[in-house]
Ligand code: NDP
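Coming up is one lone chain in structure tokens, specifically the form predicted alone.
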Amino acid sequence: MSDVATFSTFDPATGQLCHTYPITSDEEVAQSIARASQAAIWWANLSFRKRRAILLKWNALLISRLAEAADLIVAESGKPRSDAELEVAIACEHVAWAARNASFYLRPHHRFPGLLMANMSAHVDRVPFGVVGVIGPWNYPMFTPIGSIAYALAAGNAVIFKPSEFTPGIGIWLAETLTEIVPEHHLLQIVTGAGNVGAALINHGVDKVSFTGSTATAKKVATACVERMIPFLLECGGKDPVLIDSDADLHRAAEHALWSGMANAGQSCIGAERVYVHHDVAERFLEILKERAHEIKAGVNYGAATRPAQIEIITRHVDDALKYGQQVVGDQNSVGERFVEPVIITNVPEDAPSMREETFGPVLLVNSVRDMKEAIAKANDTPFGLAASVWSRRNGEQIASQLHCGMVSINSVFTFAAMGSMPFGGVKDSGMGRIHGPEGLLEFTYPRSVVKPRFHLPLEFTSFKRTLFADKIITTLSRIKHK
């Protein structure tokens, strides 16, 4: 009889057993890091062109097996198949973008050495860290970690990925597909289990950590990394606002705000949770929103809550919001054992827990404001700063420029997440660092300054033989340059 510890995943919609996986032991984590360290040396020494070719070949394999990936995501996350297929497609877009653009953004950059060092050549290399530990979430179990995995690989690192214990299947599949392309090197390995397995990655000394999850857990990860001087990237939650000006296209604003808040059962860190609408159009907006919401049904338009404990948080927030505000759509009875029907509540006080804490469920809280100045102030009055959406025909960019968050969509929602060129991440309690885009590539390297003399000057400045004449030259040139 095997004494290997295991854990199981379950279909969020039915509670039926999906699969049982081994819990990676502490010793196995250490062994994975050792293997990854060797792979990282080989990988980093390849040219950008060769790494690009391998990653694009991997991406072609992922696309050819899109249906397999979607099946795994549906089974363990509970989302509709169309959403799972969209997730895989966008993830593949990021693999391709990272592979194709790494050489441009990570190539050596030459720098001007300055007048005093005019005889020197100077450039900055971007150096991969080595082994990157990626700790992923359950809500987008392929798209979100790919934002770290693909960019870390393109930058020349090997990766060890710990998927969420709720959705490990897609992570194992990703590693298996890359192994088909590069069977002789451990470029992407998977460790499975709960938080202690992620902690083991840090304890055994990966070279960088990329974490996605709650702010509370992120702070623990950051503390553990700081104690070992391991750099880290944190992508956490949000209480993302939607701001709707008086000149907005109300039908589009309502449609997209509803989708932003309800898609994926509201389990999106960049999904709408708070809506601030100009009082001149608030009544009409709520009418449209209510009409649209009645067309949406859990189990059809979105799936079950992936994590059972989330139901408790949603219940508490709905109770809290209805204690102070007014029902528009849904109530406590909308929160079932596994599925949550759409809930929309208005006039909830800004200091209510339901307005301050992340709900991560299909719940929208809608408040009217006198003007967009008030909307901006209320949108910013939060410990979070991840994403926002602004709806205005004339004032979108002006409003967006005053929001304290990492990402803003104007007259749209979520669109930045699908663009390989755009950085993804937040500020304040929503995290630090960026995935995606040039910033995502740079995130998985460190700068190394390299200088050398192009020719020797008769005046030696960095020597104990430096003369008074040399000192005079230095001071004279400085006065000329800086006067």
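Please read all numbers here as calculations on a predicted model, not as lab measurements. One-based numbering along the sequence shown.
Only in words, not in the display: the form predicted in complex with the ligand, which the text now covers.
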> Which one of these stretches, 243-251, 106-114, 356-364, 120-128, sits within 4.5 Å of the ligand in the predicted bound form when only heavy atoms are counted?
Replying inline: 356-364
>> Looking at 137, 342, 169, 303 here, can you tell me which has any non-hydrogen atom within 4.5 angstroms of the ligand in the predicted bound form?
In response: 137
> With the ligand left out of view, which of 186, 278, 162, 208 would have a heavy atom within 4.5 Å of it in the predicted bound form?
Replying inline: 162
>> At 4.5 Å between heavy atoms, is residue 87 in contact with the ligand in the predicted bound form?
In response: no
> Taking heavy atoms and a 4.5 Å cut-off, does residue 194 contact the ligand in the predicted bound form?
Replying inline: yes
>> Residue-level question: is residue 307 within 4.5 Å of the ligand in the predicted bound form, judged on heavy atoms?
In response: yes
>> Quick check on residue 212: any heavy atom within 4.5 Å of the ligand in the predicted bound form?
In response: yes
>> For the stretch 204-236, I need every residue with any heavy atom inside 4.5 Å of the ligand in the predicted bound form, listed N to C.
In response: 211, 212, 213, 214, 217, 220, 221, 235, 236
